[in-house]
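Next comes just one chain, in structure tokens: the form predicted on its own.
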């Protein structure tokens, strides 16, 4: 019997608000990866972006976290992680991935060799590690045990989970936006972690990859997942509908609808939030960064 590699899916984004489509991304990705016979998906993590990202219409992370937690109450494997949203400033996606990976490798609460930001991130991701350790018996039965080649009797350890970034396929297109990404960050994401991209009507992820030398180089680490039932739920359109007093029932969970109504979150005023502001990465990366193929 071929053993499977344990895998964690991490999705970064606004989740403004969380929709049924956001949650479907995780389910579609898990089905696809497990059908390859190579992976066992053990956890999904949603990491809402910091308010400092400055995206137009972005409501407070406090509300976005609360709504995501309500929406995920029915999931036994996906959770929301507030760490990124709780930082003083916007945190680059690659740094969120680095911290999660570092924590999985070490499991060491002392964090002696990292700077303060990394230490804080590793500390927060202890929750991920705790959840993984609670699955220890499952891991022991399902995943291979490796022994030290130097002393085969000295210790045993379970295979460490892989960590991949989960996204919609149009996410690939943002890599071409000047000053939105550092090219070295793109390379690190696709080379060291990998992407799981869910298709969407009107997007052609295979074309995005073929148009980029860098993405083509690491396309073996990019998993393209076809959405077998087209679902075009858009958080932007959800907000527009709410501003107009239209029903969004069956598009987002009822618990989230109730929360939005109770706190009167999405209004014409909230849609003007950050109007006229540049996205934080566009402000920070103020030197010219060419698209991947230029």
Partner chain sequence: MVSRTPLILLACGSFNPITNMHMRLFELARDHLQKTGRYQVIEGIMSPVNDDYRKKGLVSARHRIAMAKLALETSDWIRVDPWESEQETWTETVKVLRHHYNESLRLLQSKKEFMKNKWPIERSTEDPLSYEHSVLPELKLLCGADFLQTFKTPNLWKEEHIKEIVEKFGLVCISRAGSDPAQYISESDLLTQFQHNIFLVKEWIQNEISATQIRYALCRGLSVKYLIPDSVISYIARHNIYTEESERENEVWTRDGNKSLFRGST
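Numbering follows the first chain given and starts at 1. Fair warning: this is a prediction, and the values are worked out from it, not measured in the lab.
Another form, the form predicted in complex with its partner chain, is not on view; read the next lines as being about it.
Exercise. Report yes if all three of 20, 231 and 244 come within 4.5 Å of its partner chain in the predicted bound form by some heavy atom, otherwise no.
Key: Every residue of the candidate spot has a heavy atom within 4.5 Å of its partner chain in the predicted bound form.
Quiz item: Looking at 65, 251, 265, 42, which has any heavy atom no more than 4.5 Å from its partner chain in the predicted bound form?
Solution: The option sitting close enough to the partner is 251.
Exercise. Please determine, with the chain shown alone, which of 67-75, 177-185, 94-102, 204-212 has non-hydrogen atoms within 4.5 Å of its partner chain in the predicted bound form.
Key: Residues of 67-75 come within 4.5 Å of the partner.
Practice problem: Answer for residue 269 alone: is it within 4.5 Å of its partner chain in the predicted bound form, judged on heavy atom distances? | Solution: No, residue 269 sits far enough from its partner chain in the predicted bound form that none of its heavy atoms falls within 4.5 Å.
Quiz item: Heavy atoms within 4.5 Å of its partner chain in the predicted bound form: does residue 35 have any?
Solution: Judged by the heavy-atom cut-off of 4.5 Å, residue 35 is in contact with its partner chain in the predicted bound form.
Quiz item: Using heavy atoms and a 4.5 Å limit, would one call residue 258 a contact residue for its partner chain in the predicted bound form?
Solution: It does not: once its partner chain is placed as it appears in the predicted bound form, residue 258 has no heavy atom within 4.5 Å of it.
Exercise. Using a 4.5 Å heavy atom cut-off, state whether residue 27 contacts its partner chain in the predicted bound form.
Key: Yes, residue 27 sits close enough to its partner chain in the predicted bound form that at least one of its heavy atoms falls within 4.5 Å.
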